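A single chain, nothing else alongside it, follows as structure tokens in the form predicted on its own.
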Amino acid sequence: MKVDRMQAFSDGVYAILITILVLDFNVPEYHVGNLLAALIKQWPTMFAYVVSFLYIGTVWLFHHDFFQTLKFTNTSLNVINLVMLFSVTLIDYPTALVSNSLIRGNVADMRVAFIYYDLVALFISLTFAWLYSYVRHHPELTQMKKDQQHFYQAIKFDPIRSVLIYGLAIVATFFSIWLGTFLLLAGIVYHFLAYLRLSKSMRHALKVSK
């Protein structure tokens, strides 16, 4: 089976998910002349939105570029992709939890919200590790003929490293919410750096395979 329809479906899911993130924005209640103060109090909503937008955007870049290396798909890969999309769609709820808990300022609630977010991010990374492992063991699905092993050697540990970062973030959050938040953000930055490595390795592998 060709990958075109699966890519189109996946892109639609990502587009809808990013759009839904905006729905957490509401016009605040304010007295005339105090709109600025009311908007400033909504900084957690903007913070959570920006973090999740950048995170989901980076995950979509991963998904888009990786599937450019595939020539065919099969039932097992379709199932893996559905599980991956399921994991990604979970991010909207912890985004709202983080925003709401930061607005309320209760430390216990903030801890729960950030740990929930970390768990979803960890789950997403595990699905990518599953995807990489499956395709690496089924080279007949890819367009890469000569440089596949070099390509996977460059990227195969990236999802595992991100799992470790989010795992550390979960542990750290029990002791310090801000340290846990730092590690969560570090995980997202690492995702982007890993994406740049994947993109570079992919271009090289496809060029060699022509």
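Note that residue numbering begins at 1 and tracks the sequence as displayed. Just so you know, these numbers come straight off a predicted model, no measurement behind them. Only the largest set of C-alpha atoms that superpose within 1.5 Å between the two forms is called the rigid core.
This next part talks about the form predicted together with another copy of the chain, which is not shown.
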Thinking of 157, 162 and 189 as one candidate spot, does another copy of the chain come within 4.5 Å of a heavy atom in every one of them in the predicted complex?
no
Taking the shortest heavy atom distance, is residue 27 within 4.5 Å of another copy of the chain in the predicted complex?
yes
My question is simply whether residue 104 lines the interface with another copy of the chain in the predicted complex - judged by any non-hydrogen atom within 4.5 Å.
yes
Residue 57 versus another copy of the chain, in the predicted complex: is there a non-hydrogen atom within 4.5 Å?
yes
Answer for residue 176 alone: is it within 4.5 Å of another copy of the chain in the predicted complex, judged on heavy atom distances?
no
Looking at another copy of the chain in the predicted complex, which residues in 15-47 have at least one heavy atom within 4.5 Å of it?
15, 16, 17, 18, 19, 20, 22, 23, 25, 26, 27, 28, 30, 31, 32, 33, 34, 35, 36, 39, 42, 46
After a core superposition, would you say residue 35 shifts its C-alpha by at least 2 Å between this form and the one not shown?
yes
